[in-house]
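As structure tokens, the next two blocks hold two forms of the same chain, structure 1 and structure 2.
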Structure 1
Amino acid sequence: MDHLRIVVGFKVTPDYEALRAPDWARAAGGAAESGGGPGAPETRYVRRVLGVFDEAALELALRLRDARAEAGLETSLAAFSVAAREADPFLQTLQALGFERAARVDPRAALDFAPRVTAAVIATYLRRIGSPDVLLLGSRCGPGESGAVPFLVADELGLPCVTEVTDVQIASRGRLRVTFAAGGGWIRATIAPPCVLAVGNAVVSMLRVPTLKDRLAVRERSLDVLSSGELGVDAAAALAGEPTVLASLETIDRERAGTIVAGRTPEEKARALYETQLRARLERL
């Protein structure tokens, strides 16, 4: 295949690790007004981050383009996100990195826990721009992390889907050599596009950084912005038919119980540790 069309879909999420305990407490009490649904914490002040698997998918697409360029083959790159304006800075970065097309579809609804609706929006958008030869998606992304979106999109488009992809390389006759995790090991298969690749723990997990020169070169380039309604998908209405409804979000308590061992010297602390923690256990052996 002399020319390969690669499209990468990615998701931008709040950095939930940066939330403070009071934010989660307010969410538990139903006082949050973040627009993320009932029981969702306030996230408007928190920075946005790429999902780790989505970031790997974007970098794999760039590496595949570079490898094809060295082989004298043409590749076009496009990226999109189902998101509001918080995705714009990431799309502008991707433009600077060489993605010819950067777009976002605003669903005007919170789709974190609605994989079927998300997949419907993605599939409809891809039909609008023309189905790609290779669609790269992160295998899952928080906070929902259902892992179902790549499969649902592949089903909508009638394409095969390879999951837990860790690497993609060029092969002969326009095919791709795809490495993916399965059964506790790795499998390397040669496949022919079109296909959907769901990226997992890839060999590369960080997206490269564009230079200032690259950013200045695309500063006047606009983004493609659509609403799901323009694509004929009423995301808000579709949510009403979803079988799962978000009731609340809660933080995971990662604090560990501990005991401070008293003593002025290491010897005293070692003796106290033995008497209070180890002696009874050793006697039971």
Structure 2
Amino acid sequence: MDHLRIVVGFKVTPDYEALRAPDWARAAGGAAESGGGPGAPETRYVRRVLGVFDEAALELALRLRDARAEAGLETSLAAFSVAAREADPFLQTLQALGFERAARVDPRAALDFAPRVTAAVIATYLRRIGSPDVLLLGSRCGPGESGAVPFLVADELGLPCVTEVTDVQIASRGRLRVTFAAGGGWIRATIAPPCVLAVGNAVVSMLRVPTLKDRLAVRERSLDVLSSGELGVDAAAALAGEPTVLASLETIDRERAGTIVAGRTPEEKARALYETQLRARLERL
């Protein structure tokens, strides 16, 4: 393909690692009002971060664009998020990185663990802007996520979906060489778009950073912002009809103890390690 339209959908998520214990406890108690909706932990007080697989998807899209440019091929990049205003700083960053189109679809409802509604909003939006040649999505994002959205979107758009994608490179005749995890190993497939790629534990997992000058250059550009209602999807009503809801979310204490192996020499320490940690296990083998 001389021209490839790549669209990346991403999600911003609370930085769960920074949540205070009381904010998790509130979830266990079923707080009525919290940043993530009923049953979710209190997330208002932590910063937002890109979902790890979404971040990888965005960087893979940029690398694909760069590789195609080197081969003399044109690529257009667009990014969107189904989110409230918290996604705007991330969209502005993507504009500075060269995404020509940056859009936010505000569902005006908490869509955590509502994959069918989320997928309906995404598919409707993509039909509105024109179905892409390549749609990259993170395979899942944060606690309480179903991991079903990429499948459902692909189904709605009638496109094949490759899951657990770890790398995407250009191939001849506009095709893509897609590496994905399967059966405990990896498979590399050459694909002619269109397709949906659900990015998993990618080799490249971190998004590049735009310079201040890059940001300045796009400062006047606006984001495309529309509500799901404007797309004809009443997310709140659809949510009420969801058969499965996330009732609560709580963290599990995985604190581990440590032991310092003492000894005056490496030999003594090795002996102590063997006696205290290894011998009994080896004897059981």
Partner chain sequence: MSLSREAIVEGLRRIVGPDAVVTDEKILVESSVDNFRKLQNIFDVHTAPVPAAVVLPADTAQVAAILTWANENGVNVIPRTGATATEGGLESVVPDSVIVDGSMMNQIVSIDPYNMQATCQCGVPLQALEDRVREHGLTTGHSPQSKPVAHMGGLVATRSIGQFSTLYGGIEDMVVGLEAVFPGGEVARIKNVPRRAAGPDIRHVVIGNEGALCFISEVTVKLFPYFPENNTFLGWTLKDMATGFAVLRDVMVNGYKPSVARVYDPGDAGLHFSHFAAADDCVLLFMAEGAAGIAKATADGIQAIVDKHPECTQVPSEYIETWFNDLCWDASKITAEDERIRQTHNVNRTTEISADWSSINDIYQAAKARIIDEIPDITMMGGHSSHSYINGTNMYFNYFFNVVGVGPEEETDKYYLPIIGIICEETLKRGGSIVHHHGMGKARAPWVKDEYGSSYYILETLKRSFDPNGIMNKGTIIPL
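Between two forms, the rigid core is defined as the largest C-alpha subset superposing within 1.5 Å. The structure displayed is predicted, hence computed values, not measured ones. Each residue is numbered by where it sits in the sequence of structure 1, with counting from 1.
**Student:** Between structure 1 and structure 2, which should be identified as the form predicted in complex with its partner chain?
**Tutor:** Answer to the question: structure 2 is the form predicted in complex with its partner chain, whereas structure 1 comes from elsewhere.
**Student:** Please check if E255 moves between structures 1 and 2, taking a CA shift of 2 Å or more relative to the superposed core as movement.
**Tutor:** The answer is yes; the displacement is at least 2 Å.
**Student:** What is the magnitude, in angstrom, of the C-alpha shift at R279 between structures 1 and 2 when the rigid core serves as the superposition reference?
**Tutor:** R279 C-alpha displacement between structures 1 and 2, core-aligned: 13.1 Å.
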